[in-house]
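Only one chain is included here, represented as structure tokens and corresponding to the form predicted on its own.
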């Protein structure tokens, strides 16, 4: 049986301050949990129904009923297993490899999609401003579909990171050069901005190359692309070049 303290702890991890306090986060579902079990992340505790097949040390597992799983789940239809994992110490930033930098991206779905894109395109390092949504937010974790376990994500002062690099700095801006007509390097830093306000003025001052994705529709009434969609297009162009 789940104790009241266990239920209280797990449900508290849906808030950032308690994730930070306990250095723990939650993963749900068979696919997501298995991705993290096969990664460098350290398992704290696994709560699962008898249907979940695994070969883990029994000290880390607690078999519970479907009703108990529902008490601690954040999903409408819980899927066999909930894992509590330790938040690892962040890796050191490397200013000399291709990096994606996010300037205050606030939507969990956007960040989750961007993390999956980094995994797909082989971007090893994602640098996030300190005001970007927490990558261990439950919605972010679930939307990454396991990619969070393979991408290095570092929260830092992005202005200092950009200043520390000798690589060219690119940013998606409405007044930038057409990306389809520009020769892109193998190494660089790509900055993507906030959903509503774009890149902050302080960061904009550090950009050396402004690029844009041109509109092709006849009416051209759409104001901008979703930040995750724009990131996908731009990463594809960097890799294609």
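Residue numbers count along the first chain shown, from 1. Just so it is clear, the structure is predicted and the values come from calculations on it, not from any experiment.
What comes next is about the form predicted together with a further copy of the same chain, which is not displayed.
With the partner omitted here, the residue from 31, 45, 70, 210 that has a non-hydrogen atom within 4.5 angstroms of a further copy of the same chain in the predicted bound form is 31. Picking from 92-100, 79-87, 157-165, 118-126 the stretch near a further copy of the same chain in the predicted bound form, with a 4.5 Å limit on heavy atoms, gives 118-126. When contacts are judged by a 4.5 Å heavy atom cut-off, residue 215 counts as touching a further copy of the same chain in the predicted bound form. Proximity of residue 9 to a further copy of the same chain in the predicted bound form falls outside the 4.5 Å heavy atom cutoff. Using a 4.5 angstroms threshold between heavy atoms, residue 232 counts as touching a further copy of the same chain in the predicted bound form. When contacts are judged by a 4.5 Å heavy atom cut-off, residue 113 counts as touching a further copy of the same chain in the predicted bound form. Along 148-177, a single residue, 150, places a heavy atom within 4.5 Å of a further copy of the same chain in the predicted bound form.
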